[in-house]
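Listed next as structure tokens is one chain, alone, in the form predicted alone.
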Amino acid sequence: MSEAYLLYENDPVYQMAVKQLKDAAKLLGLPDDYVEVLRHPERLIQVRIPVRMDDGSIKVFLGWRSQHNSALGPYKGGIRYREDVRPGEVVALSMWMTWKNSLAGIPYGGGKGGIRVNPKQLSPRELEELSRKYFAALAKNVGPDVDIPAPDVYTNPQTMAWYFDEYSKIAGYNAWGVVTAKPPELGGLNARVVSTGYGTALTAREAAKRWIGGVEGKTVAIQGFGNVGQYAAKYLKEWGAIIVAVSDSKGGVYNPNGLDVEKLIEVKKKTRSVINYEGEGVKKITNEELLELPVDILIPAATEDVITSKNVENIKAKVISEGANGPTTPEADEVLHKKGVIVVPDILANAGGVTMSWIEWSHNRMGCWLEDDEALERLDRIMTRNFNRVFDEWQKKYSDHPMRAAAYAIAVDRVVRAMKLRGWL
């Protein structure tokens, strides 16, 4: 057993990803040796990043990039900056990106990266040096046709601009397609900012059509009011839903008669928390209480493992669209299924970001720019089609299991078929 393998094998997040793979393989009747191939990344890269700090000292940071599978196309996935980034997490996330991209029907494999750092403790100059040196260290293993990173936790379009510029210097040309979610001046799309929340809202809308008679007039609670939660609320309200509760890390607000979404966004922007939202009939609630409200649609868009065996019996929503990664535990997923709740899994519900990244990348590769309204219309068509394809497959073949089972089976099957055609299996 290699040392690199030991870096991730015992990580609990990685073990969860492997369990999901095994469950999908069982549904598909895949042999164990296929699972053994698919559970490991094709490549796990670790880099050392020495940064000259503002006080003159040199501090060394560690960074990783996991390239899980390239059967369907270049590796694709974000890069995060967090103090707790670790190899097992990165490998698991890259595996989930393989399934997410496969399910979305876009020509990408799965990748993910990260640096173990608290970016809030770095000055702007230190952060830029860290970013440029990390990407320079990866330069031989990334590229517009090889591996195309994007933002993730605590990275943003400015980070992508540094990556783009550093790679272009090394490559000797403007490599527009080496990263996505770039600033518009560098070939990015303003629509990328709204795309994950928009996609989460789209899948909630489509699930409501198929499950509870549509979204108009239905009540919605959203846990997490960052980028994803805000845009999910914005678009669901535009389509006629009533947003009755939202929350962030400090708590939430609830009004059964509805909340003013634009005012919520403004309060969040000015005070950094929705708990400062005031109005007649508004009640302060906890994040835990929000999940158990009597609403039609629930959107967990904050963190993982918030719907568990401890609270699942108290969940009253009939439709759940997962804006966050892994908000529902496997045990809770089974209980919700038996209760008649449809859970749109994260690899389908929050795929709007990577799908918009593909739209950006493909136009970068063709040397043309796309208007934002055109990009959103295209995203709507793609995600609506994908949702209905998964829903129909679920009802036809896997209705005894949660919808997540159908999503994973479709995604894994597409990758396996591509690997067989290429002679890899």
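None of the values given here were measured: they were computed from a predicted structure. Counting begins at 1, following the sequence as shown.
A second form of this protein, the form predicted in complex with nicotinamide-adenine-dinucleotide, is not displayed here; the remarks below concern that form.
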Choose one stretch from 140 to 148, 223 to 231, 329 to 337, 165 to 173: the one whose residues place a heavy atom within 4.5 angstroms of nicotinamide-adenine-dinucleotide in the predicted complex.
223 to 231
Though nicotinamide-adenine-dinucleotide is not shown, can you say which of Asn287, Asn255, Gln158, Asn190 has a heavy atom within 4.5 Å of it in the predicted complex?
Asn287
Considering nicotinamide-adenine-dinucleotide in the predicted complex, which of Asn118, Thr271, Ser309, Ser249 comes within 4.5 Å of it through any heavy atom?
Ser249
Within 4.5 Å of nicotinamide-adenine-dinucleotide in the predicted complex, do we find a heavy atom from each of Lys100, Thr303 and Gly323?
yes
Would you classify Thr355 as touching nicotinamide-adenine-dinucleotide in the predicted complex, given a 4.5 Å non-hydrogen atom cut-off?
no
Tell me, yes or no, whether Ser131 is in contact with nicotinamide-adenine-dinucleotide in the predicted complex, where a contact means a heavy atom of each within 4.5 Å.
no
Does any heavy atom of Asn350 come within 4.5 Å of a heavy atom of nicotinamide-adenine-dinucleotide in the predicted complex?
yes
